[in-house]
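Structure 1 and structure 2 below are two forms of the same protein chain, each written out on its own as structure tokens.
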Structure 1
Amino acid sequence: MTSRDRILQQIKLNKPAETLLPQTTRFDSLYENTEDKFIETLTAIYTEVIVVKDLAELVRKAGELYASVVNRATTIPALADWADFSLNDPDPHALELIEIAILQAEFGVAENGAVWISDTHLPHRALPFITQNLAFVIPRNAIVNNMHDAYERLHDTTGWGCFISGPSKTADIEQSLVIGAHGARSLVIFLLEDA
């Protein structure tokens, strides 16, 4: 018998009597203002939130913020002129030179400051991790209350997706918080008013 069949057979013999799933598995976390909560949570985890009126303002802000930075990549068409690094190379190792990437994210979660990104908007899965600095753009009206609401939006997931909440960090050296472990050293979130 294969290990698979033996394991499954042992499980069948040893598992307890049937229990049912809990009836309620979701909870409402209603904040006075979802956007305020989102910004408050992100500020506490070293992330800057910038509200921009439209794509023109996004382009202007991006230009100001990263004026002296080279190797800029983006997945946002409006920022095509701002970027100087092409994402067309199929080899993800080529991305190691990127200093800043501004990427489209799908929505944010107020309770924990996470944003959801996925294959749908990304040419490379490695991109949000390998870039030295990172920024996301999400529509201002795409902030949900909590993780229950988040998964209701995610009923149809793609090949890969990730909740990202703040810049990469570690506290493995005597519990001192250090920002920038392996992934992005900084994170900015642009909330776009007229999406």
Structure 2
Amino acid sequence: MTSRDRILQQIKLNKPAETLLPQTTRFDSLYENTEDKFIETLTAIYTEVIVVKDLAELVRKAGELYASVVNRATTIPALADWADFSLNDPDPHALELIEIAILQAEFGVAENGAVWISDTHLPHRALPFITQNLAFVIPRNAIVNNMHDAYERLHDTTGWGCFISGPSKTADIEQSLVIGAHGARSLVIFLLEDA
């Protein structure tokens, strides 16, 4: 018997007893107001939240906030006239020029301020990570309490998606917080009432 075989035999003999998973793995968050908690969490992580009544108000707000910005991109049809950067180019390297991207997202999570975005509304996966400034539009009634609720909502989801929470930030060098080190420098969430 080789030493390799002896080692493998010893491993087989010394298996620990099987441990069953806990019966309950769900933890409920009972916030009095899920939207208030979502806004509170996002404010703490340098994200502005703006409630807009409808798409017309979204267009007005985007025009006010980003009037002087060039290279504006969007995945929202109502903002097509506002955008001056086309996302039809198949080369993702062109995205590095985008200053602001306003993107449709599916829902938000109150406990951590995360927003779920998927390739359902996204022509380029790199877009939310390469733009200088980022904004998401989500239905105002699409905020869940916690990640347990979020994963239940994603149960039958297929395709690519990710959670994004706040602008990019790091504090690994001399414990100094740097915003926008590895991605968007700012994040705005538009909560759309009439979705």
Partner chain sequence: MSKTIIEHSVASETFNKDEPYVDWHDETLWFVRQKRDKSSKLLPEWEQLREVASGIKNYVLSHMDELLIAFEQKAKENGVRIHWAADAAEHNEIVLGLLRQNNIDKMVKSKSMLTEECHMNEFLSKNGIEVIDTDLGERIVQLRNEPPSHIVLPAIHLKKKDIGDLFHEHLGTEAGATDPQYLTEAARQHLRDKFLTRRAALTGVNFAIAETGGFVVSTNEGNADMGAHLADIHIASMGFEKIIPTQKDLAVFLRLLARSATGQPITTYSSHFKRPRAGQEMHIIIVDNGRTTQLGRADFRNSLKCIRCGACMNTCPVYRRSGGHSYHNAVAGPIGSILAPNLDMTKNADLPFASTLCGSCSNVCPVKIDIHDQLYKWRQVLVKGGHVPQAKEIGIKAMSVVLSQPRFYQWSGRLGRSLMRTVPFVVNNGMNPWFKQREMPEPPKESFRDWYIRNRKE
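Rigid core: the largest C-alpha set superposing within 1.5 Å between the two forms. Everything numeric here is computed off the predicted structure, so don't read it as measured data. All residue numbers here refer to structure 1's sequence, counted from 1.
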Open item on the list: Between the pair I just shared, point out the form predicted on its own.
Closed with: 2
Open item on the list: T24: after superposing the rigid core, is there a C-alpha shift of 2 Å or more between structures 1 and 2?
Closed with: no
Open item on the list: Superposing on the rigid core, I want to see if A171 changes position between structures 1 and 2 - specifically a Cα shift of 2 Å or more.
Closed with: no
Open item on the list: So with the rigid core superposed, the C-alpha of R6 shifts by how many Å between structures 1 and 2?
Closed with: 13.8
